[in-house]
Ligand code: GLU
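Below you'll find only one chain, the form predicted on its own, shown as structure tokens.
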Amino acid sequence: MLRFAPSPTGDMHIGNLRVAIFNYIVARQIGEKLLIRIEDTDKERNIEGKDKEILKILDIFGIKYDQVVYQSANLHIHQEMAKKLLDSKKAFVCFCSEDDISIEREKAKLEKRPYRYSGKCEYLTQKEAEKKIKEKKPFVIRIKKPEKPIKFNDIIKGEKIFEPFDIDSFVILRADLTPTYNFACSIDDMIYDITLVIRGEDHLSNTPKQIHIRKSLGYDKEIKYAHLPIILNEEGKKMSKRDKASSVKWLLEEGFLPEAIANYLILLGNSFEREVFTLEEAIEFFDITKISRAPAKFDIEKLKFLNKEHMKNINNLAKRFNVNFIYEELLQIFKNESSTLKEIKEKFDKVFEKSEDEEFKNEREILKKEILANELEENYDEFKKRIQKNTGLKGKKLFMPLRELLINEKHGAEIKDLYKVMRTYLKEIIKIR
């Protein structure tokens, strides 16, 4: 089984969506089930409703899954496994206060060395530990660091080796008896028989810790790993929440199609014979082992190009925007010169607004009176000939204000094309100006 394990602590990041997409594709390719595990053990950071939002986004993108579970439901198992490690002397109770740890961290910083736990509580006798517990001194549970290096082969990044010093004696159960991220994650991967973990490379340092936990518990089934390179913003820095385009919700609100976003995220760090494809089509040719190890830079212009390509497949725009079907042909014209659905809607909405442009105000009034006073010709060339003759306007003093009367813009689609599709309701539109 594969799993996508998001935390309900904020808007879904495109990096998370890419992880979900790749897990879905690979699960389909190898005939495995896909589990959605909502990692909700950090109660202070959880945001109500974000779990439902995550599942809604997965549905919008056509990512089908077999089961949804909540990590907090396994709290009793996490605690039982921590006790098992204590009983087998592979973990120990640590009474070091936060102040003690802060002092050790500061000392390491001054000495310009990485902080590692001092081991102060590891060799307490059982009597000493029991005495402190009776005195109601707060404690955490730490797993003992491994005695040998932890090695694993990453599907994307190759062989990785982590020394015991890199892993340290880290906390697995907090003072409130809730599990830390690495402990809950490793236990849940065991519970649900996860066979392959695909996630971002920011989790690379967590992997040896999770392998160490499972080994300490005697779990001998191999879990394979694939760590995806990070996504960089247009400045070449790691994409963060400060980058609007990092939010899937923002991209959808801006009018990018789910098909185009998925297409773009699959392309990042990959090279295929074709650039434009659907998620389902990608299942046929995607190869996770061939993803570039280098970070990929997010390019909004490339996304706009793909979005425009996918918009070509939208036939009924009037229904999508919930507007009268008589405007369908006008929407199609706007589609041809737009990169997103939002751009189409903005162009369409502007048609029904009063013109604020002062440059051709007089020319618009002249044209407006002429158009409203006469029957409209079916043929645009005949209409143009009559307008030129009766108003005496020509050049940009004719065409710019005329286009403004039609779509409230000086520049845009050919007036001939606009006239053809707008003729039946043109007078009603012009009255608004």
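Residue indices: 1-based, along the sequence shown. Here the structure is a predicted model, which is why all the values come from computation and not from measurement.
Form predicted in complex with this ligand: not shown, discussed below.
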Q) For this chain shown on its own, do Q332, K420 and Y425 all sit within 4.5 Å of this ligand in the predicted complex, going by heavy atoms? A) no
**Q.** Contact test in the predicted complex: C94 vs this ligand, heavy atoms, 4.5 Å
**A.** no
Q.
Is it the case that K347, even though its partner is missing from this view, gets within 4.5 Å of this ligand in the predicted complex, heavy atoms only?
A. no
Q) in the predicted complex, does Y181 have a heavy atom within 4.5 Å of this ligand? A) yes
(Q) Test of understanding: in the predicted complex, would L2 fall inside 4.5 Å of this ligand by heavy atoms? (A) no
Q. Just one stretch in 106-114, 199-207, 355-363, 281-289 has heavy atoms within 4.5 Å of this ligand in the predicted complex, so which one is it?
A. 199-207
**Q.** Single option in E377, E370, D51, E39 placed near this ligand in the predicted complex, where near means a heavy atom within 4.5 Å
**A.** E39
Q | Sole residue of M239, L341, A82, C185 within 4.5 Å of this ligand in the predicted complex, by heavy atom | A | C185
Q.
For the stretch 2-17, I need every residue with any heavy atom inside 4.5 Å of this ligand in the predicted complex, listed N to C.
A. R3, A5, P6, S7, N16
